[in-house]
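So this first bit is one chain, no partners, the form predicted alone, shown in structure tokens.
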Amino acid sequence: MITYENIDVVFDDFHALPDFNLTIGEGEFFTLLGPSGCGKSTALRTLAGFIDPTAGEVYVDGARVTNLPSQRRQIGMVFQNYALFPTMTVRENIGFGLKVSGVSKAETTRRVDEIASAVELDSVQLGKGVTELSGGQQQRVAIARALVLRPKILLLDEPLSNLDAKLRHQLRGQLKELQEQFGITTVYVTHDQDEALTMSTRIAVMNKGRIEQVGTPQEVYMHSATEFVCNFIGDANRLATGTVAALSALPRGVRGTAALNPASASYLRVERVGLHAPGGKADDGGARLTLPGTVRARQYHGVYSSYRVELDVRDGGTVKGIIQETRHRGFAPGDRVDVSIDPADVLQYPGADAQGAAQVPALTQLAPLPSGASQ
């Protein structure tokens, strides 16, 4: 459906996209994810026709569109600030593109009414000025304005970033439902990993203009291809040398042990850390390394609690873990606990990535508790 082929984008002496290659399938909800300045919006705007690449080609449905004007690419775009016309009504905003394209007044009215119903805008709201609407309603107007033109592709450039947290969470689901309802190929730009994981068919994680990994949400989270991806997606412990050595010393029959390299940078997702009372039984049939430790901090998050545990093993350092809240009182700072780790859950990367290591999220930035977390 969409192909970037050897795309270079250069601004003066800044190489924003060096040799960028990517293919997006028809009907996908595809997300470009990465930190600010990584090139994700540049890639989106190159596809939209707002930026001319220095080299390379862009294809849509097999047709070369690299030098095609943006209005002829059959692409709808929703901007971060929505870019609505404040002096027009909601109806006029949605129908503006149709009017410019010379669509008849009757057909424009019919199509505006049809798309407004699909995005849950009623007749009263259609008659209002856009400044009278809430942020969430304005977002729906922007989406309706893009979809009413019946584009092949919908581009969304951080459309939820200006909304409060509760509304962002609500609109994620609605946006995904709309995409599935229309079956439209969608390219979404965000720096929010949770948005990317919950909404996407596939994700491209970007860093300094380059793609670090492309895969499903589960693939990039559970099998992060690079140290940068591991640190950017979710929350992970960088395991200390003593812990890695203890894992490597497990019998070779334990799955995952033979693949461990004590010299590699080693990471473990926080939800893969097992925490239980001393002497308690791990729930994995003995395939884990169990190390004693002391709880140094606990943070209560409602559905789950996050813990920082100092391990007794020499050079074992500390690990972060999360457990789902139940009627059990949990653990308090100073409590003795056993920490269990499955070697197969350890992610390893050769060499140190200083920038990636610096981006390990803080304890207060834990990802939402996945199902099946340790208890």
Partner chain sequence: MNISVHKMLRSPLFLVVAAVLLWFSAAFLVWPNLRLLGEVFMPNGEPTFRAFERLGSSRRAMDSLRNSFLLAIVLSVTVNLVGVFIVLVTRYFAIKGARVLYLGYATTLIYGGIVQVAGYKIIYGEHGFVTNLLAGAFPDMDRTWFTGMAAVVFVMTVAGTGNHLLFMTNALARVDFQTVEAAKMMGASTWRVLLTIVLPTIRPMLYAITILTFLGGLGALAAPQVLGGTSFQTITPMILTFANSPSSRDLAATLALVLGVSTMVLLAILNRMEKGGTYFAVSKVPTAMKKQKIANRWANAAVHAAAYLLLAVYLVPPLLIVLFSFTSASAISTGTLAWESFTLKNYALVFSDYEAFWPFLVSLGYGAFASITVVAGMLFVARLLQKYRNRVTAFIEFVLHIPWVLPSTLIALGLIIAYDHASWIMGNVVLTGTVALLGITYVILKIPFTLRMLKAAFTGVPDQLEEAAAILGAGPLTTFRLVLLPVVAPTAAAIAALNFNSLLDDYDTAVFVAHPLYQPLGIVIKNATGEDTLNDATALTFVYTVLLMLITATTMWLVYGRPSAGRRRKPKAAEPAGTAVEPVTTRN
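Numbering follows the first chain given and starts at 1. Computed from a predicted model, the values in this text were never measured in an experiment.
One more form of this protein exists, namely the form predicted in complex with its partner chain; it is left out here, but the text below deals with it.
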Sole residue of 149, 189, 291, 121 within 4.5 Å of its partner chain in the predicted complex, by heavy atom = 149
With the partner omitted here, the residue among 77, 115, 246, 197 that in the predicted complex has a heavy atom within 4.5 Å of its partner chain is 77
Using heavy atoms and a 4.5 Å limit, would one call residue 48 a contact residue for its partner chain in the predicted complex?
-> yes
Taking 4.5 angstroms as the cut-off for heavy atoms, does residue 140 touch its partner chain in the predicted complex?
-> no
Could you tell me if residue 204 has a non-hydrogen atom within 4.5 Å of its partner chain in the predicted complex?
-> no
Contact test in the predicted complex: residue 12 vs its partner chain, heavy atoms, 4.5 Å = yes
Quick one: find which of 271-279, 68-76, 210-218, 169-177 has residues within 4.5 Å of its partner chain in the predicted complex by heavy atom distance.
-> 68-76
Near its partner chain in the predicted complex, with a heavy atom at 4.5 Å or closer, the residues from 192-222 are none
